[in-house]
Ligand SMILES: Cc1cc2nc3c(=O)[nH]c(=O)nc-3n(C[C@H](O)[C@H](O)[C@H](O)COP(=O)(O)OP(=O)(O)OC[C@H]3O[C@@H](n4cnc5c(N)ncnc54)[C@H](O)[C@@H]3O)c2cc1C
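One chain comes next, on its own, written out as structure tokens in the form predicted alone.
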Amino acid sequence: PADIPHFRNVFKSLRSTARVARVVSHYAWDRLFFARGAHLVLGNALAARLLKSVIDTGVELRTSVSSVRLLRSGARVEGVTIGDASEIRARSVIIATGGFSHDPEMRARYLQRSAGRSSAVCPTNTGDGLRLGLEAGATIPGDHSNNAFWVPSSHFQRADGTPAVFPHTVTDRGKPGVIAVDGHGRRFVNEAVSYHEFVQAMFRADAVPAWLICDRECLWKYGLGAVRPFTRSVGPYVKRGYLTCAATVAELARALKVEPSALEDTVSRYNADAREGVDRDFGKGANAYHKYVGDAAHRPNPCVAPIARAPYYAVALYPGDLGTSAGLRTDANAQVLDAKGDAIAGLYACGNDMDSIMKGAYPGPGITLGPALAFGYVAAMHAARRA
């Protein structure tokens, strides 16, 4: 995200020109050797560095493993069985399979009905580890405010025709000239709030789906979901049904099956405030977080600008998740506990298979990766001391 403002200013600032040239040249160099750019940031970079450490220390990795079962002697876990016959004996097993984001049965049991099935996480996160723990006598508490960490998402097709989910985290909702409306054509939330809070507002307002709306100028500068900034032709996105386009706000409303007068009133009311650099209805741009996800170069309010340059565009938003919060109950050593609260000998859990210490709250970025790292380390050290 830090590079995006420099791309917008590439012909206006020598500093931005130099930075964009550096980014593009690095990408071109990567493509000489790989099918994609190899520069990793944020969680991807963290996961890659951990993988390198595992490889460098000679840890054996087995991928595409199916039909895993726990080996147990009485109440104690003593390893796993892979497939029909292969056994791996160990004094401890750490469950870390990523939660249940893509398991329809568990989603229906633990998540709101209006949550649907949209998830931005790895499609193989299907609750396998949780089932292993439950079979060993573990429990999943029901005391969370949310059983998932939410993100508004849109559905699109990749160039090869495969379906994909775009998580609307910080790249578009908070930008000047973007609003979100419900099925009645009314705003229901401050668009610049955190992605977790945004989806909770969708639930509260029964705004499923909701729509992000912007104009031509905004789409060009900031993009919208899977439509990247500076996209010269948005025709393919319109043709596939991802992006709705109309010459007027009323026509856009009719395309979305929203009352035209309501959407026109919403846009008019928003625009009147935007021309003064304020948002009297929801306070968009009022705090440091809002400003961070806005456009610092836009004045006076980095999150607010009129929606006035036709054509107008919309993308449908649905509740999605970045991981599940409900997991196996554990103690301070990450040992999995049974229904009585006693540790199941030899069994640990971390990551999204461990019941989140956040209890469904989302105080800031890293609340899945941070506890996963911390309790993965705690589990490994505790297991090593007992070996």
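What you see is a predicted model, and the numbers here were worked out from it, not measured in a lab. Numbering starts at 1 and follows the sequence shown. Each form is matched to the other, and the largest set of C-alpha atoms that superpose within 1.5 Å is called the rigid core.
Separately, the form predicted in complex with this ligand exists; it is not shown, and the next lines address it.
- For the chain shown alone, Thr330 is not a contact residue for this ligand in the predicted complex, no non-hydrogen atom being within 4.5 angstroms.
- Mapping the unseen interface onto this chain, Gly225 falls outside it, with no heavy atom inside 4.5 Å of this ligand in the predicted complex.
- The shortest heavy atom separation between Gly351 and this ligand in the predicted complex is within 4.5 Å.
- Using a 4.5 Å cutoff between non-hydrogen atoms, Ala90 does not count as a contact of this ligand in the predicted complex.
- Annotated contacts: Gly98, Asp128 and Thr368 all touch this ligand in the predicted complex [non-hydrogen atom within 4.5 angstroms].
- Just one listed stretch, out of 214 to 222, 115 to 123, 171 to 179, 268 to 276, contacts this ligand in the predicted complex at the 4.5 Å heavy atom level, and that stretch is 115 to 123.
- Screening Ala28, Val54, Ala45, Val65 for any heavy atom within 4.5 Å of this ligand in the predicted complex leaves a single hit, Val65.
- Relative to the superposed core, Gly83 undergoes a C-alpha shift of no less than 2 Å between this form and the one not shown.
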